[in-house]
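Here you get one chain, nothing else, as structure tokens; it is the form predicted alone.
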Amino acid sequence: MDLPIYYTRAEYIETDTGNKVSRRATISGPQNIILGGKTIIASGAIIRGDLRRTGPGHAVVISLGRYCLIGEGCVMRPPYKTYRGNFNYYPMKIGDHVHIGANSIVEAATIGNHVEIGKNCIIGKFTIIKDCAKIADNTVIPPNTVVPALALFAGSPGRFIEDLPESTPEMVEAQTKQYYTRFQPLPAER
């Protein structure tokens, strides 16, 4: 068993559904963000729920599944484009068991389940990352890229490196659940 990752209770807010959000994270437009439960948002992360479509409907800007980790210093903002002269933001949907490494910038349209994104990555606007894909550290994925399921992408620009094993979903799920279990308040504060 790996050692616990300790945090101070004063720094993290824990919700009823087990989400742990750092007080040093910037959550803009929280009414437009859905957290699926047991998600950890680390300090310095910026989630831009305030960047939403104008007009009625489309209230949800960013939705995250269960057991997600948004690393330190990550920036998550919805993709945008000008269509027929109208500038608009589009929703971002992130599945379950997604880990996003520290200092990554994400403007994807969709990220599937069991996806690992490394540190210092840039995920371009309207990127679609399918289930069980992995993005290596320091990778730049150009806008509108589709990353296939069970694929490892790396480099700048990010390109296909190799297929991942069929056991990827189980391994990633075990890692994300284990990380959440290890993420505990300091023993003196319990």
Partner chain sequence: MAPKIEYYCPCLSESPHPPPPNLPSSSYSFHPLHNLFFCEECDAVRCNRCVLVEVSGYYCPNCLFEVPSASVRAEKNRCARNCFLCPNCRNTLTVVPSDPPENVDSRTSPIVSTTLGEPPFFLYCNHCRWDSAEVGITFEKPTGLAAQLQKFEDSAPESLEFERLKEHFEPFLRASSSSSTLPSASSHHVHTNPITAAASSALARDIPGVGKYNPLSRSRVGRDKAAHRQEYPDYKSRVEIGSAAALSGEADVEFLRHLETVSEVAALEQRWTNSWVSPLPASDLKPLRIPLQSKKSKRCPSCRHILIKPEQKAQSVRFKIKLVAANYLPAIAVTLPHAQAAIEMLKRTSKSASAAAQAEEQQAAGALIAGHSYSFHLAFTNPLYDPIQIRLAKALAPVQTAEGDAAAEAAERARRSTFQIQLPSAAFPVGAFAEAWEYDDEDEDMFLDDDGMEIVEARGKKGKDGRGKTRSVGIVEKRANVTIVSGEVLIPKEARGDVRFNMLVSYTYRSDDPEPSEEAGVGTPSRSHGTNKAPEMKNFSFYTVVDLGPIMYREEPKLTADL
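Given the structure is predicted, the values throughout are model-derived calculations rather than measurements. Positions refer to the first chain, counted from 1.
The form predicted together with its partner chain is left out here; the points below concern that form.
S.K.: Is every one of Pro143, Leu150 and Ser167 within 4.5 Å of its partner chain in the model of the complex, counting heavy atoms?
M.R.: Yes, all three are in contact.
S.K.: Although the partner isn't part of this model, could you tell me whether Lys93 comes within 4.5 Å of its partner chain in the model of the complex, counting any heavy atom of the residue?
M.R.: Judged by the heavy-atom cut-off of 4.5 Å, Lys93 is well away from its partner chain in the model of the complex.
S.K.: Although its partner chain is absent from this view, report whether Cys132 comes within 4.5 Å of it in the model of the complex, heavy atoms only.
M.R.: Cys132 belongs to the contact set for its partner chain.
S.K.: Going by a heavy atom distance of 4.5 Å, is Ser28 a contact of its partner chain in the model of the complex?
M.R.: Contact with its partner chain, no.
S.K.: Is there any non-hydrogen atom of Thr181 lying within 4.5 Å of its partner chain in the model of the complex?
M.R.: Looking in the model of the complex, residue contacts with its partner chain include Thr181, since a heavy atom lies within 4.5 Å.
S.K.: Go through 83-102 residue by residue and record those having a heavy atom within 4.5 Å of its partner chain in the model of the complex; state none if no residue qualifies.
M.R.: Stretch hits, in order: Tyr83, Arg84.
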